[in-house]
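First, one chain by itself: the form predicted on its own, in structure tokens.
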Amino acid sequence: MRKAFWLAAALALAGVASAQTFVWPQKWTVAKPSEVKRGGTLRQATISDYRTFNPFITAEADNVPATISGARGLVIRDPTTGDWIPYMAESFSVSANKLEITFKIRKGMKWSDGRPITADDWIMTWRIHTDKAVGSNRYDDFFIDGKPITLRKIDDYTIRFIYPRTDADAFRVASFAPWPAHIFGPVYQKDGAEGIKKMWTLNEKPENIVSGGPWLIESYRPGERLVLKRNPAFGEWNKDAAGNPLPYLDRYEIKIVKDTNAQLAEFLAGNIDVFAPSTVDHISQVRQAIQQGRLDATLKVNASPVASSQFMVFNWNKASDPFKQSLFRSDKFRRAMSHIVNRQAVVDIVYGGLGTPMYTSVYPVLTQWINPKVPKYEYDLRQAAKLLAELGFIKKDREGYLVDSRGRRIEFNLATNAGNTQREQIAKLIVDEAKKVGVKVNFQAIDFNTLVGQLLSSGPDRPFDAIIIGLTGGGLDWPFGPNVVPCKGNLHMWNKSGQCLDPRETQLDALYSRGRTELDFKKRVEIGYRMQEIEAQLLPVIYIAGPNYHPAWNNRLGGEHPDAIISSIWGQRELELTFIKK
């Protein structure tokens, strides 16, 4: 499947001068280069098994391609300032009309198989992401108002991004990780999207997975662990302030532990090095273990609000069940369901008081973007019952559930990913509250990959009723997802018919475009405020609450961020600057 490509050119380019280095700023870590040690293994855990090694069909925040590549591209954000700075680019320039950005690519960067990283890799990656038939989760990034953002190769080490309109999100778009054209290009040219989708499955041999990032796959055992090893080619151009190649670590093990309580046990036993407790009980157990000398670790309680969302979404595409489809498409029904969500109970019971209620799509940590006047539908069972009565559900059947004049009961299935004990608790709270007003909710805990598959399904009849899940990612410059808000977006998860079904969806779609193309920050915020007001009217998803960010790590690790940086946006550390102290 993988054949050499452009061999002659590769041989010619192999003789270029030493790599142009990116020096990781000293201010990103508390450790001085003189203190670091090389070698060792970082041990972590993830709650869900992986779906694929293929970078073009992942949609999960925790995925293998993002991990091995570092999820970085031409530019990255400096966590101390929030500014975009050149990374795989050596420099960039912006045209006077703000419609073009020209990047000079660092010379000397190599893929793990020794081939040079050049403009061709970005061009091929962009072409595949923007092939609708591939189904890439990044597809929507490259369009504004349906018009494509195009890339033009100027020469092997110069590439130009051309935007159809001004784009507040321009640098985030340009930050995508490239993948090797010499691997994906021949398959794409021969077999198109179908060929790409068959590549790099979990059955692929690790030695065939080529990376330009800090890690290579050493081994993978489904349901057990993923083991990564240092990519030597990465260290040729990624250095610390003293000129040492990065990462410092030799290996990075990620155990698949499908339960947050089990992950806590692994952390307390010293079997994994990092953990993010999300409940008071978890925090208490970590703190107690530290105080009693059973665990040598650091815990930062309430480092920040979360940079993610937790929500319940109803499926608007259920052609095989017109009754449910009509119900799920009713904003009055969704408002009633919002009124049965006891967000304060979620914060108190699920997160032990250390959480934040949510009412908009903007993450709580992005305070400058949150509209304080956005309408809320707080916990109020009487109001929920009133709204359901207005929909015709006045009588109850023998089991005590509401039915309409034709005897049709309000009943739906509510699923979330098994092992996520917080989401399971939230679902059970909703089941209990719904029953109080006469709504029957059947809770289902299912495999994460199955859940995501249902959510990403499209067409008139999708295989779920309602799901509790969360999103992360999104930008500081414009916090609304290009794949979530537009009606054709890959994660427009309530309605995957491919078209707007409600006029307010159309409004949001238009406002999204206006905001993204507005370069004045204050005006952009005003548009964001208006979007949140419409979201509150439409209520396409029902935001619930999330835990605050409480990072913890075993003190065998060094190289964490300074306290001023640690937050849910920037995390606790850069893995490249992490090392094993003892």
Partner chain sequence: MTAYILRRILYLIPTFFGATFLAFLIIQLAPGDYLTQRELDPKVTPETIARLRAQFGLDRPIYEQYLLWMNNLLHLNLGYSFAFQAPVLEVIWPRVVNSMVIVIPSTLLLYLVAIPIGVYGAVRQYSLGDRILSFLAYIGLSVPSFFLALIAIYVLLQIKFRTGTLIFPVSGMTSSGFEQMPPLRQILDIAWHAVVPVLVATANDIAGLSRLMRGQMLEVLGQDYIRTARAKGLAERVVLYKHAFRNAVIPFVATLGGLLPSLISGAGFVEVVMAWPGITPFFLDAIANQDLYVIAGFLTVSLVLLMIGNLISDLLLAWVDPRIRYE
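Throughout, rigid core stands for the largest set of C-alpha atoms superposing within 1.5 Å between the two forms. Positions refer to the first chain, counted from 1. Every value quoted in this text rests on a predicted model; they were computed, and no experiment measured them.
Beyond the structure shown, there is the form predicted together with the partner chain, which is absent from this document and is the topic of what follows.
S.K.: Using a 4.5 Å heavy atom cut-off, which of 175-183, 387-395, 333-341, 213-221 contacts the partner chain in the model of the complex?
M.R.: Among the candidates, contact is made by 213-221.
S.K.: Give a yes/no on whether residue 139 approaches the partner chain to within 4.5 Å in the model of the complex, heavy atoms considered.
M.R.: Because a heavy atom of residue 139 falls inside 4.5 Å of the partner chain in the model of the complex, the answer is yes.
S.K.: Hey, in the model of the complex, is residue 94 touching the partner chain, heavy atoms inside 4.5 Å?
M.R.: No, residue 94 is distant from the partner.
S.K.: Does the partner chain get within 4.5 angstroms of any non-hydrogen atom of residue 135 in the model of the complex?
M.R.: Close contact exists here: in the model of the complex, residue 135 approaches the partner chain to within 4.5 Å, heavy atoms only.
S.K.: Taking the partner chain as it sits in the model of the complex, is residue 382 in contact with it (heavy atom to heavy atom, 4.5 Å or less)?
M.R.: Output for residue 382 is no: heavy atoms all beyond 4.5 Å of the partner chain.
S.K.: Taking the partner chain in the model of the complex as the reference, which of 27, 51, 556, 524 has a non-hydrogen atom within 4.5 Å?
M.R.: Of the candidates 27, 51, 556, 524, 51 is the one lying within 4.5 Å of the partner chain in the model of the complex.
S.K.: Give me the residue from 271, 499, 80, 405 that has a heavy atom within 4.5 Å of the partner chain in the model of the complex.
M.R.: In short, 271.
S.K.: Which residues in 429-458 have a heavy atom within 4.5 Å of the partner chain in the model of the complex?
M.R.: If the 4.5 Å heavy-atom criterion is applied to the partner chain in the model of the complex, 429-458 yields 447, 448, 449, 450, 452, 455, 456.
S.K.: On a rigid core superposition, would residue 86 pass a 2 Å threshold for CA movement between this form and the one not shown?
M.R.: After core superposition, the displacement of the residue 86 C-alpha between this form and the one not shown stays below 2 Å, so no.
S.K.: After superposing the rigid core, is the C-alpha displacement of residue 483 2 Å or more between this form and the one not shown?
M.R.: Moves: yes, 2 Å or greater.
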